[in-house]
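Only one chain comes next, encoded as structure tokens, the form predicted alone.
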Amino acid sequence: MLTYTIRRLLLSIPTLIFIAFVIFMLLELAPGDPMASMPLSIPPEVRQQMREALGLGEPWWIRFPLWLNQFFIVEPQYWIDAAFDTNFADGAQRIISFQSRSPVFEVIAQRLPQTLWVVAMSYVVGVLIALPIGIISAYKQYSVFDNAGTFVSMIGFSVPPFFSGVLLIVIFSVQLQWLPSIYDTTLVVNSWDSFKQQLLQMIMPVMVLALQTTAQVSRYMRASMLDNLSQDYVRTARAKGMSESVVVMKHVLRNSMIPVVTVIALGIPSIFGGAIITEQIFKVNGLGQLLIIALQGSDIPMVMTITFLLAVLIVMMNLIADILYGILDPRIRYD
């Protein structure tokens, strides 16, 4: 397993470089100019100096290797210097945002906790709800519970976040006035009252994102459970006198989790995509809102870094899913 993991990590390096190149070229060919938002009163020669200061005067075959060096070498050196009080970076040029003129990773670090509060919690809640629904729906196929679970899943698949988010705001914020419609990112949790306020403002964005996760994972869980419940080893286990709970929870569930692991692992990056819309609706000052602002301002370093971090997350989740296969099914070998 260790050899397989190391081999996959080494193979992921050229994969990520190719992904970075595709993202870079897409942004390079996309319309828009970071200088378009500057006042028209700026003289042309000053505007040209500003373009060169932003690094826009160099061709792409110079800027792309420079960005790779900054992302994979310079930025980790700054992290090491901050953690261990060393001087590996020695003042090397970091990835700088065109809009804020601040290091991109510092801006991301400021926004990341807000996104994790919402995204991580919604994904955990969605998976914890989806797994029991899928298991019970499969075991009690065509029952009232199964039909209700199918109905909820259809709603989760069909209703987009921008509609469900607005609907929740109208019901719980405008009509009932139970929950705040705007997420207060300046809230500091230092007391019981502030903790309750944090929970209240998290309910609606978490519900919107968790609905999609629950719909997807529960359907995969149900289908996988149904496939395994009809296998010969289940009938054999029952014939040996094993209790139904042991048959379902120990044998069927473990085998059924193998394909579901892929859905759960690969769903983590996709939930960040859904957070882009949800953060705009509830005014969460997170990575999704930061990406929208960067796209509107043609902030290429910021857009490039955020999208590439999502690509890294996808590659890592694929690797984690493959490793979990071997843990869940001892028959799988990576020799």
Partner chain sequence: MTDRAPQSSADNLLPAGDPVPLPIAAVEKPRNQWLDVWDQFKTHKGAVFGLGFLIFITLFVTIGPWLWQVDPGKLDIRNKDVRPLYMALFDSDAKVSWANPMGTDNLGRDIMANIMQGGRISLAVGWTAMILAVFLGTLIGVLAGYFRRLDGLLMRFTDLVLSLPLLPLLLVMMLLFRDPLRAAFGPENGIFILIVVGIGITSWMQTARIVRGDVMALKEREFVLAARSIGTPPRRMITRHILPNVLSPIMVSATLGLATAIITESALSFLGLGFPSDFPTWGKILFDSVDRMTAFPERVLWPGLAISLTVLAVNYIGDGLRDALDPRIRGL
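Positions refer to the first chain, counted from 1. The shown structure was predicted, so the numbers you read here are calculated from the model rather than taken from an experiment.
Absent from the display: the form predicted together with the partner chain. The rest refers to it.
Q: Just to be sure I understand the contacts: of Q175, T86, S245, N190, which is the one whose heavy atoms reach within 4.5 angstroms of the partner chain in the model of the complex?
A: The residue from Q175, T86, S245, N190 that makes the contact is Q175.
Q: Going by heavy atom distances of 4.5 angstroms or less, which of V234, L226, V166, A120 would be at the interface with the partner chain in the model of the complex?
A: Of the listed residues, the single hit is V166.
Q: Each of V107, M202 and M317 within 4.5 Å of the partner chain in the model of the complex, by any heavy atom, yes or no?
A: No, because V107, M202 and M317 lack any heavy atom that approaches the partner chain to within 4.5 Å in the model of the complex.
Q: Mark L66 yes when one of its heavy atoms lies within 4.5 Å of a heavy atom of the partner chain in the model of the complex, and no otherwise.
A: No, no contact at 4.5 Å.
Q: Is the gap between S230 and the partner chain in the model of the complex 4.5 Å or less for some heavy atom pair?
A: Flag for S230 set to no.
Q: Looking at the partner-bound form in the model of the complex, is L27 within 4.5 Å of the partner chain by any heavy atom?
A: Close contact exists here: in the model of the complex, L27 approaches the partner chain to within 4.5 Å, heavy atoms only.
Q: Just to confirm, P76 within 4.5 Å of the partner chain in the model of the complex by heavy atoms?
A: The answer is no: P76 has no heavy atom within 4.5 Å of the partner chain.
Q: Mind telling me which stretch in 167 to 175, 125 to 133, 192 to 200, 237 to 245 gets its heavy atoms within 4.5 Å of the partner chain in the model of the complex?
A: That would be stretch 167 to 175.
Q: Taking the partner chain as it sits in the model of the complex, which residues of 296 to 316 have a non-hydrogen atom within 4.5 Å of it? Please list them.
A: Heavy-atom contacts to the partner chain in the model of the complex: Q296, V303, T307, L310, A311, I314, V315.
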